[in-house]
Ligand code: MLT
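Next comes just one chain, in structure tokens: the form predicted alone.
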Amino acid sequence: MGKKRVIVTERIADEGIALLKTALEVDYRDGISRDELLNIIEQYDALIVRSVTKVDEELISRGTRLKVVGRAGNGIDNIDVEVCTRYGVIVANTPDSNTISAAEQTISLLLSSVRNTAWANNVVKGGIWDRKPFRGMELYGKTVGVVGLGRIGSMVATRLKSFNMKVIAYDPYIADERFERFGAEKKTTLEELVKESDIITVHTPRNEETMHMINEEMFALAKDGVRVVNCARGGIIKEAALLKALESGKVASAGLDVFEKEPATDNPLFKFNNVVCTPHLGADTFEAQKRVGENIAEQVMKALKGDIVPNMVNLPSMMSEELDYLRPYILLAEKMGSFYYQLEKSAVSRVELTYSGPISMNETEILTVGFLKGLFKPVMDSKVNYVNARLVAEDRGIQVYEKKEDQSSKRYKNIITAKVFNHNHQLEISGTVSRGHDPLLVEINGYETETVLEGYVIMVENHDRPRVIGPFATALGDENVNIASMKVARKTRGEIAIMLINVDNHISDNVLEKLKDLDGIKERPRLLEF
């Protein structure tokens, strides 16, 4: 039998190509046209792309031999992961290959901006020798605020400690132990960090929570002459707010590698001499690109051999009978995991998972990583998956415990119980799978229910008395929200009860605020999404 074949449609490091050739037949076609790729993709077992090649259903459906799509880099915006999963195609990327390079680029931008290096370089090369405009600032003894203490943020913190800087950090999804490990003083709010920082550097993914998190309000709180660096994602620092802060002198300098709109060719921030800009170079070093090429080659080769892929973005089709049996419980575990950060903002310190009933006779590791994947999904980008979820938990200092019981103590045959602890309290939930294989929440913090974890669910705490549930349901109807199902639970008559309501559509913050003001509603309802 001949070698399996891989086509590489965009530039990767020569070392990656050489590694692929040790086990596979390699067709290196950098810049191949869309039409030509569509016509020949059926000949290949693997496809390696970067950010240009569009991997969609049209391409995947023609790739009848495809087993794996490798993304030489982090983002997967050009890959339809859902389609790949449906066709049983593994998607793998290289999220950590550029970690060191991105951290070093952050330091480079910081030093260049606080010492006016780029500006001075341009002036000197223009024939003028005058040092007066370029007086800079020492890092020694200054306070740097690191927003996001993940892998890149923690590397930046470690490196800035060597400048004898005071490092403070804000990350509500990181355990206290990680702050201690990297010598960063924990700040419980972003506002607190901004007020104390001489320099602010951001290292978070871009999502609904982080978009424009450094905005007009934050700059108003900041010290006069604060300096900012963004080598993470464009838009975390709001560019319109930064523009005004630079014009007023509130911000003394900025170092920017990323922008809200890229390519950035006519950005108003470019007019400032005290702003250092680079064209998204965070991952663009010889070493990082070598790692990217070699890592994606290793992953593609492992996938084609049927081995575990370290950075698998999706969960591929699984043929064993055991995994077929566990599949609905994997989905249940993931949806249970997504509960916590939709209800809490405190960092998790410990997770305890108990598998009760016949399910405990199976290998439950996939359920545990499924729960962890769901746990991190609301607060992380696409880097978290079934393979790296345990490592993510370890990096965040979260202890994970498993327990198995032969019989369920509840009235359900199989039960998954999860206890999620932070430093103040815990969340305890239990779930099972219905006869129709739907994921069911059957208990939350002692309240018994049977709620399908699908779509949108409103969670409401209310006083257990007449004329509360009816007006609440009517108010939803008045807002054109259709109720699919409703479960009401209480522990003691006349005290606090809860409602869990499946609804057909998203509910705005304004509507939730209105619902909060209804008689008998204890606090603002939570809208959960599964």
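Note that the coordinates shown come from a computational prediction; the quantities given were computed from them, not determined experimentally. Residue positions are given as counts along the sequence shown, with the first one as 1.
Keep in mind that the form predicted together with D-malate is missing from the display, and what follows is about it.
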TODO: Using heavy atoms and a 4.5 Å cut-off, decide whether Arg50, Asn98 and His280 all contact D-malate in the predicted complex.
DONE: yes
Task: Among 480-488, 463-471, 64-72, 28-36, the region lying within 4.5 Å of D-malate in the predicted complex by heavy atom distance - done: 64-72
- [ ] Could you check which residue among Lys377, Arg233, Lys186, Lys238 gets a heavy atom within 4.5 Å of D-malate in the predicted complex?
- [x] Arg233
